[in-house]
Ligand SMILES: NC(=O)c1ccc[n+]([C@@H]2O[C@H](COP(=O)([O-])OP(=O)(O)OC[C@H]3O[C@@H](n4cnc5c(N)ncnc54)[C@H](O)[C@@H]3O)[C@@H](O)[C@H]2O)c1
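Okay, so here's just one chain, in structure tokens, the form predicted on its own.
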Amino acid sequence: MRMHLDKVNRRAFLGHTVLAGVTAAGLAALPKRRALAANDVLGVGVIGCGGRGNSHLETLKHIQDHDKSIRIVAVCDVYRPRLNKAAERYGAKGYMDHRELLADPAVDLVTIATPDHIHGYQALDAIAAGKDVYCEKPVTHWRQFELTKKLAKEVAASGRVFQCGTQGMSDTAWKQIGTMVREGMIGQPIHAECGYFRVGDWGERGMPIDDPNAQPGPDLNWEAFLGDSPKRDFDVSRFFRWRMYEDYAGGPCTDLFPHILTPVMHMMNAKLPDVAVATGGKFRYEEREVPDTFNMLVDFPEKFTIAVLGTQGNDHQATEERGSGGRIPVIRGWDGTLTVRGNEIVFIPNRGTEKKEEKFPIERQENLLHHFQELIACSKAGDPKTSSPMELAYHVQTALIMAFLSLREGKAVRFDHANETLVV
């Protein structure tokens, strides 16, 4: 069965974004991003003022205070108490509608830290408005393959700068290993393994309910939160603890795995997959809808497999930890293996080869500050070549969507390369 996931997306395009409807007529009038000189200050708008959005704001505030290369000019949230708190703390203009923030000529660059199912639409709107974009992972929701594909095409056509919020790509180990793989150190790549392990159910401890008495109205835009997801009556848990629900999230697969699969697919030079299969389920936390345990295998047309294992029921790492929760990747080729031990990259030759074990120092570990600094430098230079670009995010998210659908449908999910569609 060929899987088309665009029916609900079409409704969202008609009612949610600036690309259609009443705002479309004014889109052409939106100013394109101004040309920037090296010493110009970028105006930044932050869309989403929850936990992750505040992490963005704290990092951006540090940059604003220390090198004066940016200024936080606007913030946006559909929940007014969060919005007002962020606007006051960072001295920014507040908007409850992201489209109004995007129309603000003081905004050059936006960061998006809203629920998963909203990311893609807001990123499209930002690109259409001539803004550069930092979009949290995952770039889209597991049911939004068509939106993911459209976003990839629009970003490529626009020339705008795009950085996905997989800050692990700021760790130079993955770039160094990627270069080694491309230069043939391990021979033909054949297999990679990685994983992500932590403890947490995304219930009260992970996503507290700010106000158990909150209600939709002028201070809480429930319809904007729902976006293209199934229409439901207001539920305070769904609004504040959205990661627990399939309508808005995908558990470890789409919430955690982008952090570890993105560098692995970069190192393997992986493009769009051939087939994905997955196992797992709710093995510890019953309150949630999404799995707490997820394991996936993905085959690629370049003739290699990537295996990703993970659970939110135990945080022990099978190998030495690098980053929070991520299992150290192991990249295997016909001639040898590359992995990380401590602060060194290690090459282990296959038996029967003439190569010797080698170790290489890692230049720098991951850091959200460095990830944002790279984005800002690219934005000022008009250089779309970030370390976590939309093309890579498209390939990663396609693999994750295929795996999530595999678990949900109990079938292998294949990619039709000729038609760029999913087949279940």
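Just so it is clear, the structure is predicted and the values come from calculations on it, not from any experiment. One-based numbering along the sequence shown.
FYI, the form predicted in complex with the named molecule isn't displayed, but the following is about it.
_in the predicted complex, does every one of Arg182, Phe300 and Gly333 come within 4.5 Å of the named molecule, counting any heavy atom?_
Spot residues vs the named molecule: no contact at all.
*Look at the stretches 253 to 261, 229 to 237, 183 to 191, 350 to 358 and give the one with heavy atoms within 4.5 Å of the named molecule in the predicted complex.*
So the stretch in question is 253 to 261.
*Identify which of Lys137, His266, Arg160, Arg143 has a heavy atom within 4.5 Å of the named molecule in the predicted complex; exactly one of them does.*
Going through each option in turn, the one that passes is Lys137.
*Is there a heavy atom of Phe304 no more than 4.5 Å from a heavy atom of the named molecule in the predicted complex?*
Outside the cut-off, so no.
*So in the predicted complex, does Pro115 come within 4.5 Å of the named molecule, heavy atom to heavy atom?*
So Pro115 counts as contacting the named molecule.
*asked:* Can you work out whether Gly382 and the named molecule are in contact in the predicted complex, taking contact to mean some heavy atom pair no more than 4.5 Å apart?
replied: Although the named molecule is absent here, Gly382 would stay clear of it in the predicted complex, with no heavy atoms inside 4.5 Å.
*asked:* Please tell me whether any heavy atom belonging to Pro291 falls inside 4.5 Å of a heavy atom of the named molecule, as the geometry stands in the predicted complex.
replied: Although the named molecule is absent here, Pro291 would stay clear of it in the predicted complex, with no heavy atoms inside 4.5 Å.
*Can you tell me which residues in 63 to 80 come within 4.5 angstroms of the named molecule in the predicted complex, by heavy atoms?*
Going through 63 to 80 in order - heavy atoms within 4.5 Å of the named molecule in the predicted complex - the hits are Cys76, Asp77, Val78, Tyr79.
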